[in-house]
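Heads up, the chain below is alone and in the form predicted alone; it's given as structure tokens.
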């Protein structure tokens, strides 16, 4: 009788990067989701009270993209947010540094001052909310031309590489922007020169009023990467830990000198393109589609995973119930007190700050001569 072959030893599944996070880090990621959501909720309420002007581009239901990607970066890395990413301006380099003022980022006071158009803002009330940046904070100035900052990111990464640095540059873009020529030109340049540029595609299913099936013939926008011979990952944009895992892979790939990559985060836009589009969006997006798109709230998904991992009890998960609610239905009590206090600091600073002097209105518009 032939000897029986022994079964091969079972090998444990390799740990995902998020599995290596401590319990405290897992819980902090949830807190980052709360912070991004509360910023959005607070601004929507302030706008409806008539205390704000300008267009609000909501990040509601897309918070896992910002929280997950930013958590994987070093303080010296650069980011290039877009109009729907305003929490990123003050959430950069926030990991474990809530009480520190020396972070390489913008402060919540600066960002709120920009929103309220006060003298403490970078733009000093002369541009739109999200049209800001910070060289010292390693944040590329945002513009309305989505994908237009990818060549800027590539240039910055190239300069840093020539200087012997290891900074990664992250750009955030809507899926609709991937059809623009500048998107392809910039990523091709980054691929040719193996630059550490990570392009995040926030696929929220709508390019303003155009659905994805009229934007691109394939299911995954990450496949845009194939034409440049670079990695293209697809992340569950409602799962902050999956976003973090894909981002860690992209960051490690970039730092080895291998070059750029693309991460598509599949999510859903809770409101219109901007608050000026909310009524119209209710007509071009079927109600059933909107309800389905908002079913997997990033906060709820995160809580479920934390409970499954034994890092949070069901009672603790139910304590602050911001998930599954629109801004009008959400209260301060639905958020951890430290989150409310953190943003309150920025809002109160902005409201108490003076408006810029009217004499500044013509400054930096024309070339000054002696």
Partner chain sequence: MSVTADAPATLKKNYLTALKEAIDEEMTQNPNMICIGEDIGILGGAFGVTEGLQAKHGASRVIDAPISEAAICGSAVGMALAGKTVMVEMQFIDFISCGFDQIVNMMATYHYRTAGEVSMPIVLRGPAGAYSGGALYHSQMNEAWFLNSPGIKVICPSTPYDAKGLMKAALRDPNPVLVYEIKNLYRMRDIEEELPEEEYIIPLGKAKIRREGTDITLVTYGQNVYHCLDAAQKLADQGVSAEVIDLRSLNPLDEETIVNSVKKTNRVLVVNEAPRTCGFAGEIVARVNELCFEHLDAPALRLTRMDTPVPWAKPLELHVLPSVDQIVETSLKIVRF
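Everything numeric in this text was worked out from a predicted model, so none of it was measured. Throughout, rigid core stands for the largest set of C-alpha atoms superposing within 1.5 Å between the two forms. Numbering follows the first chain given and starts at 1.
If you look for the form predicted in complex with the partner chain, you will not find it shown, but the lines that follow are about it.
Within 4.5 Å of the partner chain in the model of the complex, a heavy atom is found for none of 97, 107 and 318.
Although the partner is absent here, residue 221 lies well away from the partner chain in the model of the complex, with no heavy atom inside 4.5 Å. Put simply, residue 186 is close to the partner chain in the model of the complex: some heavy atom of it is within 4.5 Å. Contact between residue 258 and the partner chain in the model of the complex is not found at the 4.5 Å heavy atom cutoff.
For residue 116, no non-hydrogen atom is located within 4.5 Å of the partner chain in the model of the complex, even though that partner is not displayed. Of the stretches 124-132, 228-236, 258-266, 89-97, only 124-132 has residues with a heavy atom within 4.5 Å of the partner chain in the model of the complex. Contact with the partner chain in the model of the complex, judged by any heavy atom within 4.5 Å, is made by just one of 182, 300, 248, 290: 182.
Of the listed positions (274, 148, 209, 120), a single one reaches within 4.5 angstroms of the partner chain by any non-hydrogen atom in the model of the complex, namely 148. The partner is not shown here, but in the model of the complex the stretch 67-81 reaches within 4.5 angstroms of the partner chain through a heavy atom at 78 alone. The rigid-core alignment places the CA of residue 24 less than 2 Å apart between the shown form and the other one. Once both forms are fitted on their core, the CA shift for residue 348 between the shown form and the other one remains under 2 Å.
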